[in-house]
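Here are two versions of the same chain, shown separately as structure tokens and labelled structure 1 and structure 2.
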Structure 1
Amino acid sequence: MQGTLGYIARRLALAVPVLLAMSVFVFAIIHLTPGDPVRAALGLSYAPTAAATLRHQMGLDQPIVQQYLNWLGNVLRGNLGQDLISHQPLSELLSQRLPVTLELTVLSMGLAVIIAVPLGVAAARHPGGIVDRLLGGITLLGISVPDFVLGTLLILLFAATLNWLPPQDFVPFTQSPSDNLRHLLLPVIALAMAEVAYISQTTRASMLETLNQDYITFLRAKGIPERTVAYKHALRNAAVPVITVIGVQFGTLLGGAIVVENVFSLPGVGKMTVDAVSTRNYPIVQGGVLVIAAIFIAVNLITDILYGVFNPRIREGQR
């Protein structure tokens, strides 16, 4: 147990420099971009004296390291700056945008896992069988059709041609759960497809390895039904690589959500960030990048920790 805690502590300590480096990079977005943020903030009401005052207020006349530390201090206190155009605090914007992105990604991952794990197990139980071949096709499709392309094709088929589902826009879950899910169905499928490919292939490979082990043969010899052997005994031991791939792919999903939100006009963090790039609303870009990267790092950290907890050999190896 102490070993586990020590391992977790070491993983957490390793994440600190990564987070710091990420913060420097995000800070740099404003300071390396061409153009003067003061000029951008003042817009048409630009005047030299007002500019000097604002520059002082924004702390832009201080040394760059001091500016970074001020900014980092603010971020840690939850003050992420404000929208240059609407002057809305970014934390407020994020509280509206983040739930959309999280709902989209979590539902997509959920759907992918529900489809992929049974598919992978079934394919491993009968290699070369119908399910296994079907899985080959799904994999080919999943890795070759990018999520936003699949999204466009789904709109083309289900919204534009068949008129079954709304092509875009978003209804909050609290307003109408059924409408919310109807609007999210296509984007969730678009994002989940590639993950189905990765998770089911990993499940299949891991199950194949596990099903070949002696204790499985022993269970079979004892006369335990094949389904019980596969789902109850083998899957439990084959789960570690699957959990890892789910964690790693969650990051991929976050990246995919940035584009898919734009395909379906979903008001998430990704759409907010991309819209802000074209309007040069840099604090928003900064906030969006910061939040997505922080979630990404956190998910990877959790995956690493779970991996170590399930796999004592990894834990020992790191010592």
Structure 2
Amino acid sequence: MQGTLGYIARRLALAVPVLLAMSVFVFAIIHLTPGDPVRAALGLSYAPTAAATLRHQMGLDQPIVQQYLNWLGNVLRGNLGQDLISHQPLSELLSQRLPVTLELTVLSMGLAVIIAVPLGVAAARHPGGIVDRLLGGITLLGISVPDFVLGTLLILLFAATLNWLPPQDFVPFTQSPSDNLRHLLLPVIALAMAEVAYISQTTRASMLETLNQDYITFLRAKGIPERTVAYKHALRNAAVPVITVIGVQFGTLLGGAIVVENVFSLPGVGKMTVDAVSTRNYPIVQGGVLVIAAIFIAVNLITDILYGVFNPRIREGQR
């Protein structure tokens, strides 16, 4: 128990400098982007005097290092800034939009795991069989077709041609669970397809290695049903690399959600951030990217902790 707690404490300590470095990277990238946020905020009412006043209010007339320190201090106090257009606090915008992005990402990963793990196990149990060849085709499709292309094709087929599902828009789950799932079904499929390819191939490779172990041969010799051997015994020991891939790919899903949200006009953090880039809305872009990056780091941290819990050798090696 102490070894596990120590491992978790070390991983938490390592996450702090990573978050700090990410904040520097996000701030630098935004300020290196061409364009003037003051001019974008004032629009047609732009005037030198008004621009100078707004630039002072935003702190853009200070040295870049001081701007970063001011921004970081505000972030640590929970103040992410406000929208330059609507003057609405970013914390309020995130409370409205972050649930959409998280729901899309979690549903996509859940669908990918539900499909990929049984598919990978079945392919490993019968190498070269029908399921294994099917998995090869799914992998090629998932890796080759970008999610925004797949999303567009799904809209053309199921919304424009067959008229089975709505092409765009969003309905909150609290308002209507059934309509919520109907509107999210196509973007979830578009986002999950690539993850099915990665997770199923990882499951297949890990299961093939595990099924060749001596203890699996012993279990088979005892007459235990093959399905029980695969799912109850082999999959448990093959789960470590699968968990790792799921954690890493969750971060990839967050990046893909930015594109998919724009394809399907979903009011998530990704669409908000992309819209803010076009208007040079610094606070929105900085806050949106930082939140997505923080979620990515948190998911990878949880994955590392689970990796150490499931594999004691990792904990022992880092003592």
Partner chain sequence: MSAPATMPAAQDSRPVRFGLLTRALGRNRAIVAGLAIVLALTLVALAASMITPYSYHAMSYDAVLAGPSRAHVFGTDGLGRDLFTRVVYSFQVSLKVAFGSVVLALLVGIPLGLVAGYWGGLLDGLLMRLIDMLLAFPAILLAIALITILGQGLTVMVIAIAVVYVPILARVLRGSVLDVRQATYVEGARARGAGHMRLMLRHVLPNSIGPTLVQATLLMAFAIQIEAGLSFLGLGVQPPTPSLGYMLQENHGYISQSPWGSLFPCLAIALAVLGFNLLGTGLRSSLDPRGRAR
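Start at 1 and count along the sequence of structure 1; that gives the residue numbers used here. What we label the rigid core is the largest C-alpha set whose atoms superpose within 1.5 Å from one form to the other. Note that the coordinates shown come from a computational prediction; the quantities given were computed from them, not determined experimentally.
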Q) Here are two forms of the same chain; which is the form predicted together with the partner chain? A) 1
Q.
Could you point out which of R77, G128, I189, P99 sits at the hinge of the rigid-part rotation between structure 1 and structure 2?
A. R77
Q. Which rotation angle in degrees describes the motion of the smaller rigid part relative to the larger between structure 1 and structure 2?
A. 12
Q. For A51, what C-alpha shift in Å is seen between structure 1 and structure 2 once the core is overlaid?
A. 6.0
Q) By how many angstrom does V26 shift at its CA between structure 1 and structure 2 when the core is held fixed? A) 2.7
